[in-house]
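Listed next as structure tokens is one chain, alone, in the form predicted alone.
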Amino acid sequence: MTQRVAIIGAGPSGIAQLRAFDSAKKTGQDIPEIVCFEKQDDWGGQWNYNWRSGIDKYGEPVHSSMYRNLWSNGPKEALEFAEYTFDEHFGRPISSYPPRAVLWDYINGRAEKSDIKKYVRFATVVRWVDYNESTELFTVTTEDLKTGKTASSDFTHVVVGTGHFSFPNVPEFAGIGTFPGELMHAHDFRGAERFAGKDILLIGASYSAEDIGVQSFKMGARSVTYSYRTAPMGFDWPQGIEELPLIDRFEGSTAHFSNGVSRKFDAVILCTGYLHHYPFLPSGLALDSPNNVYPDTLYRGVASENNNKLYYLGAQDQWFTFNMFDAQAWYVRDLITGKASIPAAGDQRISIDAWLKRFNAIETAEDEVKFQADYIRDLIEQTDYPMFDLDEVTRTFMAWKNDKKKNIMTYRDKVYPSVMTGTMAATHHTPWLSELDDSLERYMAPVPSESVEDLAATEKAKSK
């Protein structure tokens, strides 16, 4: 059969795979037939924010965990595409921490320039993927959400680009069923405005808890409490934010913590992570792994040990994001086209075990960043993707962590130089803590048409 590649998902990972094939085509290489299935009406994955929470207009679960007023919580200089810079897209320096709409515009701009939309079937959800050992083909069953029609088609290769931040991990807490206030997982959080004047509890001590809590504080929450399982985040929190150990039990609106402290809350948000869950794959093909920076059973972090024609992009926990997806996609492209080859099963296992040994020796956050930088370097060295200074990106990550330690509420006002172009980011016209408008139009405006005081007055009026 002529090579046919199914790409599941048109978020940053799926778009990276499309870009990789398009890049090869532009150099005169033959590429396979490509079909990308995206269940939303547009691409962008998590960055394609939709106001619908729970169920979309087709009756499908909303897989995005995005929310209003989300700004990048890491420097854009650490995720910049090596072959499509922020300078090229925006034509002028912008700040290091853009809001969601600006990052979506950047992702969309690269994709539109590549003319790859023709490969994507939007509003089409993958229901099931099966593999026939005798024919060595995948049968991909999809549903067109606009028409309701189901269809099946055969492919030689499948690329899973759905990410792993869609299916919440929801632990049990004694008495939580008695809590009378608003209770949700971070996946269903869509904005902090409704928590103004309220006491909220966030269970978790990682990035989603940190950001949702800070966002809620910014939007006027009366108090924000974090409950940690292992260790506190330890930032110098402003008055009104505190960290307490794990919940012992709930009794109505009162949460009892393991150190004997009790607090009453109006809302509880479970920031307890996500599961690797692929409802469209049988168990023999689905990745089964904790969330970490090197999942087992993936050769070079992308090719399934169980079936070397099945690939995962972005299955790792991530320091690096967009440019790591690119490095992975370029390598997967070369595996599919035969420009690169996968070794025998025994050698795959030797490689995986070597990386796992390094992974298990990680002791600090800096070790983990360097580990992921080395992983990306290893992938890029196999392909023609532009190499970039991964050590400098690592230094940017460490500076970012240091800025957060100094002031968790103002780190987004810091600026860094681009690793790709050397351009120093611009200081944003409005400090993040005072900026209540996350639109692309206001962000890009050289002089805001509305003062911070006017914005605050507008938001206050809306909340009445």
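This is a predicted model, so every value here is computed, not measured. Quick note: we count residues from 1 along the sequence shown, nothing fancier.
The next section is about a form of this same protein that is not shown, the form predicted in complex with another copy of the chain.
For the chain shown alone, residue 167 is a contact residue for another copy of the chain in the predicted complex, at least one non-hydrogen atom being within 4.5 angstroms.
Residue contact with another copy of the chain in the predicted complex: residue 306 places no heavy atom within 4.5 Å of it. By the criterion of a heavy atom within 4.5 Å, residue 68 is counted among the residues contacting another copy of the chain in the predicted complex. Another copy of the chain is not drawn, but in the predicted complex it has a heavy atom within 4.5 Å of residue 49. Of the stretches 319 to 327, 104 to 112, 270 to 278, 225 to 233, only 270 to 278 has residues with a heavy atom within 4.5 Å of another copy of the chain in the predicted complex.
Shown here without its partner, the chain carries 238, 397 and 399, none of which come within 4.5 Å of another copy of the chain in the predicted complex through any heavy atom. The single contact residue among 434, 53, 427, 421, judged by any heavy atom lying within 4.5 Å of another copy of the chain in the predicted complex, is 53.
Here is the short version: of 364, 283, 134, 341, the single residue with a heavy atom within 4.5 Å of another copy of the chain in the predicted complex is 283. Along 191 to 227, a non-hydrogen atom within 4.5 Å of another copy of the chain in the predicted complex is carried by 193, 194, 198, in order along the sequence.
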